[in-house]
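The chain below stands alone, shown as structure tokens; this is the form predicted on its own.
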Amino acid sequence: MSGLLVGGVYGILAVGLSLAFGVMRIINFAHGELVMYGMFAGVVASRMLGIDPLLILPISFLVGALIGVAQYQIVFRHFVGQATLQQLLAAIGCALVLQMIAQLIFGADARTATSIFSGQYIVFGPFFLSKAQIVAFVIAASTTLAVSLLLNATAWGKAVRAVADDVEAAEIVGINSSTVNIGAFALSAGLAGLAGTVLVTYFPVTPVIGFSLMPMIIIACTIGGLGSLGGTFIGGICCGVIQQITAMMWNSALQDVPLYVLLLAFIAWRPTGLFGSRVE
């Protein structure tokens, strides 16, 4: 159950990355830094303003979205539809710049934020669960569902899916692919910011936390399938469950080892993941 709760947060961390790839074929290796800024937004709210971090989730989403739009306009618009080595290097460079800016603003020390659920637990029978993790899972699951509904039940969502399927055909029928791409990337980045603020309620943040989170985000996307939002969320849950079982039955210091083995297995035998589809 602990793995399920932790994995749900991994899932929402990865959904934004999966969305950017599904629409624009952009693998944003600076996605972890967007999560980091969302975490620092929660720290500012808690430590400096005395506000519960969960109350500023819309602001965290907006901050992440604005940073994402700047990323897209400065870096990624040149690589839409091209998952190339140059795109990878540009993303890593962008991540380093965001990391250095955060270090200049916040310093190198680890920071924490406190919500009304921090330090509280629910005990029933043999189960001992953190309220902060339960709330984080509920927010992650409801956000993933809301994004899925947005993409499948609105005119804008249909435009996004049309651009993802065939950008030339979409433009022929009057869809502005550039505007759609900016909106989709802003949504992707906003989800990262929101997820970061949820995560910081029980996990400390440093300016380099983004690099630590990226392997888990990539593994969740690989298991679920890049471009599949529901699949990515399930991939995150798989990561959390495997981590917790490994820590309990083997060694907590080696809890990520089975995930890296699983990543290699998926790349070798099922690169599209559990729910992804093959694209040219």
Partner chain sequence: MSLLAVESLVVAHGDLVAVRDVSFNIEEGGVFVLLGANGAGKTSILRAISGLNPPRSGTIASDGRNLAGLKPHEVAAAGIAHVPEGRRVFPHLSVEDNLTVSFLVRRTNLKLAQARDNVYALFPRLAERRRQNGGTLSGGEQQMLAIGRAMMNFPRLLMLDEPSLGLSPLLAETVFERLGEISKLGLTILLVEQNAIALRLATRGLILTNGQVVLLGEVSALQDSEFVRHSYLGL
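Positions refer to the first chain, counted from 1. Only a predicted model underlies this, so the values are computations on that prediction, with no experimental measurement involved.
There is another form of this protein, the form predicted together with the partner chain, and it is not shown here; the text below is about that form.
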Where, among 199-207, 186-194, 138-146, 173-181, do residues come within 4.5 Å of the partner chain in the model of the complex by heavy atom distance?
-> 173-181
Heavy atom of residue 109 within 4.5 Å of the partner chain in the model of the complex | no
Distance check, residue 123 to the partner chain in the model of the complex, heavy atom within 4.5 Å = no
Any non-hydrogen atom of residue 169 within 4.5 angstroms of the partner chain in the model of the complex = yes
If you check in the model of the complex, is residue 161 within 4.5 Å of the partner chain, heavy atoms only?
-> yes
What are the residues of 112-143, in order along the chain, with a heavy atom within 4.5 Å of the partner chain in the model of the complex?
-> none
